[in-house]
Structure formats: C-alpha cells, structure tokens
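Here's a solo chain for you in structure tokens, the form predicted on its own.
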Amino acid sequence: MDLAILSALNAERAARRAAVLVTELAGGAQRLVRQGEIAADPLAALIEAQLRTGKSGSVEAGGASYFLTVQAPHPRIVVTGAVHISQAMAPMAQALDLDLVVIDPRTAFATPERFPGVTLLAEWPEEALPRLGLDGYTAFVALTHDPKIDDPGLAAALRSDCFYIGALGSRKTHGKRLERLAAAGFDAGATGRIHAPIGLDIGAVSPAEIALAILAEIVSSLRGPRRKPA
C-alpha cells in the first residue's frame, strides 16, 4: 500500500471517520474514498452498501472487479440514564458488538455493581459528552425522564452527526421536550431526528422488551441507508 494512502487511512481512523480503500483487482490500482467523498465516486452505490455492512468484500462494476476494504469506526451507544432499561440493554449491546457508555450524575444509580463491565460516567452530560465526542457512528439514547439530564445530552446529539437519536417518553412528554428544545434554538428539522416514542413498535412493556425495541431500531438505523454528512 502507498504510504500516503496508509497515512490518510490512519488519520481517518484516529478521527473516527469511515473510509473505504478501493483496489482494482486486475491492475492493483488503489484509491482511498473518505466518507464525505462517497457520493462523488463512480462506485458510490456499491461503496455505500458495503460500508453499511461494516465488512470488506469484492464487488463487480462495468466489467471490472474491485476489492473494497472497509474501515469503519466501532459503533457505540451513549445513554443518559443508569436505569432499568439501560441495565437490560448492556448485555444485549455486548452481544451485538456495540460499545455502551452510560452517563448519569446520580451516583446512587450509576454504580459498577448495577453496570458491571460497562463504561459508566457519574457526571452531567455537559461534562462528559465534550470529552467523549459524538460522531456518525454514535447512537444517543435519553432514558432518565429528567430534563436536567436528558435535554443537554439531546442538544449535544442534535448538534452532532449521530446516526441515531432516541428519547424515552410518551407523546405528551415528547411534546413538552420539543417545546424546550425549540426554546433552546432547535427547529423542527433538527428535532425531527429524534425517535420518540423510542424503539420499534413491538408492544414492549418490560425494561428488557423496551431495551430490545431500542436496540432493534438502532441496528436498523446503523445498517440501513445513512444520512449524508453535512
């Protein structure tokens, strides 16, 4: 591999941005396609489809064969709320190979005993999120029902390129949430990104069922067609 391409790949990896190395199998010619450049590439549709799988593979186009080497950041879920739903979500997310970060300043809830093996930050979202960073391979989930905790996290997520944003609560609760976010300067186009009521409609009742519904919606958003970066 050309050293310039390798250096560029490493830079994209460090910045948690996806990139695809396109190798023409007949002649060995290579080019690096960064996520923001995919739409302009001749193999755009094939690269997008391969990127959604998160795996490398061979493709055919125009009578030529290519190998697409996918480099995608490891997807993660950032949750505000060390609650029963996030407790149930933790082992499911691990089984799906999704990193999970739980943020909750309430130290009575955010304990290692309740969340073994989970990255747990007993901080306010406005303290923790700038350090974590939110990107196109991050799903943000608000679960506390407490605007002092959920709203700053939602605001940070709406300012980011998170591939999924969801918030727990009834339609009435979400209506009040939208009013608060509008007062904070977010228009309907921005707040329309929020999945609320959260999760796929499977009739979930228990914390484990709600966690399952949320994770199913997250996976659908991750593997389905991605929103184009700004």
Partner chain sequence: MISTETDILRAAEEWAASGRGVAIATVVETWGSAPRPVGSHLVIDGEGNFLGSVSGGCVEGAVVAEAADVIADGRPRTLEFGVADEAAWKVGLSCGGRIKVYVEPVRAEAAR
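Residue numbers count along the first chain shown, from 1. What we label the rigid core is the largest C-alpha set whose atoms superpose within 1.5 Å from one form to the other. What you are looking at is a predicted structure, and each value in this text was computed from that prediction instead of being measured.
As for the form predicted together with its partner chain, it is not shown, yet the points below apply to it.
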With heavy atoms only and a cut-off of 4.5 Å, decide whether residue 97 touches its partner chain in the predicted complex. yes
Whether residue 42 contacts its partner chain in the predicted complex should be assessed with a 4.5 Å heavy atom distance threshold; does it? no
Close approach of residue 57 to its partner chain in the predicted complex, 4.5 Å, heavy atom: yes
Heavy atom to heavy atom, is residue 67 within 4.5 Å of its partner chain in the predicted complex? yes
So which of 194-202, 157-165, 176-184, 22-30 is the stretch with heavy atoms within 4.5 Å of its partner chain in the predicted complex? 22-30
What residues of 1-20, in sequence order, lie within 4.5 Å of its partner chain in the predicted complex by heavy atom? 1, 2, 3, 6, 7, 9, 10, 13, 14
Taking the rigid core as the reference frame, is the Cα of residue 185 displaced by 2 Å or more between the shown form and the other one? no
Just checking, between the shown form and the other one and with the core aligned, does residue 212 shift 2 Å or more at the CA? no
What changes in the predicted complex is the Cα distance between residue 8 and residue 160, by 3 Å or more; the two atoms are farther
Based on a C-alpha change of 3 angstroms or more, tell me if residue 94 and residue 54 lie closer or farther in the predicted complex than in the shown form. farther
